[in-house]
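Heads up, the chain below is alone and in the form predicted on its own; it's given as structure tokens.
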Amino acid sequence: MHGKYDGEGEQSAFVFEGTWREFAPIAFTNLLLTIVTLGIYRFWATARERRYLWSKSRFVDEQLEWAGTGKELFFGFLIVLLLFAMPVVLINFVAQALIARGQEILGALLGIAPLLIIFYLTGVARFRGLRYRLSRTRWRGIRGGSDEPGFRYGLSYMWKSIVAWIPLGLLIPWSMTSLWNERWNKMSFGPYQFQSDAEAGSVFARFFVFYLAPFIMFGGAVAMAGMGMLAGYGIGGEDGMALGGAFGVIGMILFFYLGLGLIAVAFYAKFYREVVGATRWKDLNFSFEASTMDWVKLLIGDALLVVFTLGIGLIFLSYRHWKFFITHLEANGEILLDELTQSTTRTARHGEGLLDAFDMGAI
């Protein structure tokens, strides 16, 4: 097809056209089948959900398509259990045996190995999960992917995470943005490579507020508890002081956790706007328009949905999160449609088993 797309028009480049009423039969059927099969069906449930969500997501002039299958996800999970989980269990068993025989130092050193393996595989999982999802996403018949297996990224994930915590965690924004850049710079869609040059400096101010918040809030919370005790003593003597102190402690806990949580959300909202805004695909620039309050509304809505449905609402979270993502994602620039060709990257035969094994398989 000849033509081009200019994303600077008024219409959003990304549109979500699904409804929760359409998604509900899928979600409830998946829940029942997952229960009946003792959890085995969840791989096919994930594929079924994604087929719906992708098909209701339009980019420019055409819907996305999910080409992954539950069988791929299931076999990917089995491979992880065989190649990674069982060796980790065996190493732990040998370490315990060495300790029982009096070789505590050797056993302790060997016992650290599974933790390092899991640490490394967490990074590999993040890379391969993204690669798999891009390879199964179709737009105008074109898919994405990467020729990198993710093993070097796993090492980068380890050393960058460690370095980030050495100066008391102050380099965490650098680690997060650097890993985002490294991950996306190895990905492509169709004939074009993604490019990302996000910088940590633009998000460091909010992170520093989050970093200092526990100390500031602790002092404020202690003062709040003290004022509660003084006010209670003035009203009802020692009994009033005890009651005022109790209310002060409750207020301190709520102030600490809710305040810290809000600051953490503000940091993450800024981080996501920065990294998505620094990501490009050929001449197309992406942006993510969700504000801190948009994130807060999403999280509060999630909590209320789960609480008031006694947990059943969990099955709708994937729908809510995907809709939130697509609704706030934007793009501007040019796409020359007649230049688009199919990706030449290798396609993985199995699903994101590592992500499932480490419970990171959410959309």
Partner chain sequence: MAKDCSTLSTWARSEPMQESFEVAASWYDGKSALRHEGSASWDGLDRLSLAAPTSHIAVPLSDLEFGEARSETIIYRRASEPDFRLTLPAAMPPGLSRHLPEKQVYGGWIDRVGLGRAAVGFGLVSIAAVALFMTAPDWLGPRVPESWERNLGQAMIGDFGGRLCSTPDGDAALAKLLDEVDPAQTQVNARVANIDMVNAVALPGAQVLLFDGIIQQAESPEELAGVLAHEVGHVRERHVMTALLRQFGMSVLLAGANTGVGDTVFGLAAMGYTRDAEREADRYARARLAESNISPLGAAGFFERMAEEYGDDGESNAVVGWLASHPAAGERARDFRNAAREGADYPPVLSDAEFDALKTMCADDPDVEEFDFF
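Predicted, not measured: the structure shown is a model, and the values here were computed from it. Positions refer to the first chain, counted from 1.
There is another form of the same protein, the form predicted in complex with the partner chain; it is not shown, and what comes next is about it.
Screening 264-272, 142-150, 165-173, 197-205 for residues having heavy atoms within 4.5 Å of the partner chain in the predicted complex returns a single hit, 142-150. Think of it this way: in the predicted complex, the partner chain has a heavy atom of just one of 315, 64, 329, 298 within 4.5 Å, and the residue is 64. Proximity of residue 104 to the partner chain in the predicted complex: non-hydrogen atoms within 4.5 Å are present.
In the predicted complex, at least one heavy atom of residue 38 sits within 4.5 Å of the partner chain. Contact annotation: residue 51 falls within 4.5 Å of the partner chain in the predicted complex, judged by heavy atom distances. Using a 4.5 angstroms threshold between heavy atoms, residue 56 counts as touching the partner chain in the predicted complex. With contact defined as any non-hydrogen atom lying within 4.5 angstroms of the partner chain in the predicted complex, the contacting residues in 310-341 are 337, 338, 340, 341, given in sequence order.
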